[in-house]
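Given next, in structure tokens, is a single chain: the form predicted alone.
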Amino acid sequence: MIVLKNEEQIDGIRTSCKLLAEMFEEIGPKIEAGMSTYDVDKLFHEWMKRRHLGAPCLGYMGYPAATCVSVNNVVIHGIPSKHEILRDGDIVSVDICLEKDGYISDSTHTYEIGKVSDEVHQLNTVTERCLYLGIEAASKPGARIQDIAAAVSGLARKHGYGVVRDYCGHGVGLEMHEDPEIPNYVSLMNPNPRIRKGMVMAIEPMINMGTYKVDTDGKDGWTVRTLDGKPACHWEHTVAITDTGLEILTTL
């Protein structure tokens, strides 16, 4: 069931989202070669703790960290580790949920470490562009969920990229994952509700340089990798549909 938020709830979610955007702006530039993915998680988690903010990912279904830090061929849900060191040429996505007074925000930024290849830079640039095309599609009068999918997949496939099918965006705000699901590919099998005032959504393209197919690590049960080992990219914003139209909440 899609939960339509009232103005008071959207204002609470907005506050959470602005804090998340502020955290990315402050911590993101500090991510560099030589750091472990554990170090990255610690930077963000310490920022949350200093401001008495919640980390909904920590402990969610047993997940062991405050953030997901996914490097190179890891699409999503990369578990931070002291043994995984960022190196020049890597691409790393940091996916974070933040909780403030019971309201949850969700956003992902992807960082290029040092000098990446032209192919990896293009993947990152195109995936971010897919996000904003999806947001633009959601903002149009009468838009439906699959309009987001069409915008995202249309650009990705023009570049020969794989659009992940096993995972998708979602409603957010009062819980970390709410209805509706927001796939990044078009299918007659996917639900296609109309986008309405009061909806708060996490739109999040997950785009692979090669195949769309992915595999989940059988040992940790979380880490999702591209099936062909090629790099993946992930960008995400939380948006709300208000009286004045669509608002991107996770920006400053």
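Predicted model only: the values in this text are computed from it and were never measured. In this text, residue numbers run from 1 along the sequence as written.
The form predicted in complex with a small molecule exists for this protein as well; it is not shown, and the discussion that follows is about that form.
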Query - The single option of 140, 157, 87, 177 touching the small molecule in the model of the complex, heavy atom within 4.5 Å - result: 177
Report task. Let me know the one among 68, 200, 40, 209 whose heavy atoms come within 4.5 Å of the small molecule in the model of the complex, would you? Result -> 68
Query raised in the report: Even though the small molecule is not shown here, does it sit in the model of the complex so that 57, 95 and 236 each have a heavy atom within 4.5 Å?
Result: yes
Query - in the model of the complex, segment of 60-68, 179-187, 45-53, 29-37 with a heavy atom within 4.5 Å of the small molecule - result: 60-68
Requested in this report: Check whether residue 100 has any heavy atom within 4.5 Å of a heavy atom of the small molecule in the model of the complex, and answer yes or no.
Outcome: no
Query raised in the report: Quick one: does residue 170 come within 4.5 Å of the small molecule in the model of the complex, counting heavy atoms only?
Result: yes
Requested in this report: Would you please decide whether residue 109 lies within 4.5 angstroms of the small molecule in the model of the complex, comparing each non-hydrogen atom pair?
Outcome: no
